[in-house]
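Let's start with one chain on its own, the form predicted alone, as structure tokens.
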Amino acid sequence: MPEETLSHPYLLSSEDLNYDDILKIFKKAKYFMDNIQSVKKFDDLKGVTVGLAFFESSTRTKLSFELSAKRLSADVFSFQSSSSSLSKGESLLDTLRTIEAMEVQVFIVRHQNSGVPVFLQKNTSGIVINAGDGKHEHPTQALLDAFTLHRRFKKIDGLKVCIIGDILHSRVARSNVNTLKTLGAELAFCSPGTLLPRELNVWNVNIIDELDDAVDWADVVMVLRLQRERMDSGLIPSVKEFSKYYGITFKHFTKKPELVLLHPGPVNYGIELDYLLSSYPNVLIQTQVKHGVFIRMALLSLLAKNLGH
């Protein structure tokens, strides 16, 4: 396999990436980070049209992909489902055909239903990138999380990472489990039993019941947003109760100042995380956002090689 390509010509799931793929993306992301000040704009996607098809609201991911594509000299086309013919009953496939007719070659798709990016990839000769589908996956979030840890610790093999919070509804957790395991991390969950996946043996991940024990064990805590919009009613007694037992506070860092914290954002401060921690040096939320742009540039650059432009 040539150095500059990935093992799949798309990214629908974190399982599409093997160990070598991830390291290629990291290497390319570092190249862009090291050269962005001098080059400003790269020509990796010159002549390529990238369509942002976000059927579900997003700030970080959408802006990050848009900036990434523009920094690579792509023509960027943004599709708003609320103002399209989808709201008049047009099918997803018809919409895809319409966008394809405009010669869009790369589709970055976020959808509230699991499996939509896979369905679209089966029906296009273009490249589909999953920017988050339902409760299924968010592979580029896992890549930028892993890249952040890789830069911080220099290696991920053997790193102890505890994912905390609403794991059941989290596409971020699913993608991170696959990506971090591929890179050799040791994983654990800390969550109310009602917010854990029903089939735990599929994950083969340790469960830590108490948050204090999780902090003691972990090198890194990955705190998830409480997915209230995806949550069935009655899964937790109350938000206050959840925060009391699963919210990270300053006392956790007083006890273990070297602990590193990640969060995919947006943060529900006062629920998952004490606001006092937002500027703490080991809380890497803004670093994740910064790295997200370079990881997505790297992914777009490597996948675009398949277009032969």
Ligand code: CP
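From 1 onward, residues are counted along the sequence shown. Here the structure is a predicted model, which means the values were calculated and not measured.
Note that the form predicted together with this ligand isn't included here; everything after this is about it.
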Considering T249, S58, T49, N268, which brings a non-hydrogen atom within 4.5 Å of this ligand in the predicted bound form?
-> S58
Using the partner position in the predicted bound form, report whether N130 sits within 4.5 Å of this ligand, counting heavy atoms only.
-> no
Quick one: is Q141 in contact with this ligand in the predicted bound form, heavy atoms, 4.5 Å cut-off?
-> yes
Can you check whether R110 is within 4.5 Å of this ligand in the predicted bound form, heavy atom basis?
-> yes
Pick from 279 to 287, 58 to 66, 254 to 262, 34 to 42: which stretch has a heavy atom within 4.5 Å of this ligand in the predicted bound form?
-> 58 to 66
Along 168 to 193, which positions have a non-hydrogen atom within 4.5 Å of this ligand in the predicted bound form?
-> none
